[in-house]
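Okay, so here's just one chain, in structure tokens, the form predicted on its own.
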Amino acid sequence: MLKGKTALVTGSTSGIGLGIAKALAQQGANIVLNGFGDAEGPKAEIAALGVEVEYHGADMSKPSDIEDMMKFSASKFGRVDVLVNNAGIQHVAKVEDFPVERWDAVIAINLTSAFHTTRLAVPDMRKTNWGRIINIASAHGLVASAQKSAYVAAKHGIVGLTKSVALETATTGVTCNAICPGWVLTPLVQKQIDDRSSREGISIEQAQKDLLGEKQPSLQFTTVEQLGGLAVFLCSPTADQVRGVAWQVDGGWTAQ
């Protein structure tokens, strides 16, 4: 379905981003990966799917790095047809104790980076009258949790940005939507489970059950494969009139 098109997925060297990149590659899209850490392993996984893959290590808190990444993607593949804004970080603290530099970093990487990639991708999408912008928000883009003020603010902002861009591109072949996952068993979430197990002196299994039980009624993690499948759907002709949606994949979290 996406053969001949190019997908740029930020924060894609592991977790949700890598899962979505694989799903798009399976549909024939060439992939530009981005993120910290080892890139060779993820590149090899994508290449094994029979598509071209490149990597750019842009620091998503730096507009100049983002501009360079977008130019790099265009130089390699001509343009970005599918933009997946997934890069994100987390910090947990009470608002009165929240370090200012951590607030700035969370907002920059989780929200402002999506503005920069979008503003740079949309002109070429308009020229070809086709494009897909998929913002990875969160259940926290729709509801809040204590001690996550920066993350919740950023994810609410992503949902708002999604709606505005969807309206601005409504008469074109460009769509913009958000995916709002609940708990996904990424390395970041596994660390939270491990920390909880250690802190409370309980088993990993119990810590996992307790974590899910607080928010996610299904008591099951959302999987990266499910999120990848939804991203593929949003790129399909069936989703041509899906615009400005914040699509929950959260096991009932936001239905409560």
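Start at 1 and count along the sequence shown; that's the residue number. Quick caveat: nothing in here was measured; it's all calculated off a predicted structure.
Keep in mind that the form predicted together with a small molecule is missing from the display, and what follows is about it.
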Can you check 199-207, 44-52, 186-194, 24-32 and let me know which stretch has heavy atoms within 4.5 Å of the small molecule in the predicted bound form?
-> 186-194
Please check if Gly15 has a heavy atom lying within 4.5 Å of any heavy atom of the small molecule in the predicted bound form.
-> yes
Distance check, Gly131 to the small molecule in the predicted bound form, heavy atom within 4.5 Å = no
Is Met60 one of the residues lying within 4.5 Å of the small molecule in the predicted bound form, judged by heavy atom distances?
-> yes
Just to confirm, Ile109 within 4.5 Å of the small molecule in the predicted bound form by heavy atoms?
-> yes
Using a 4.5 Å heavy atom cut-off, are Ile89, Ala137 and Tyr151 all in contact with the small molecule in the predicted bound form?
-> yes
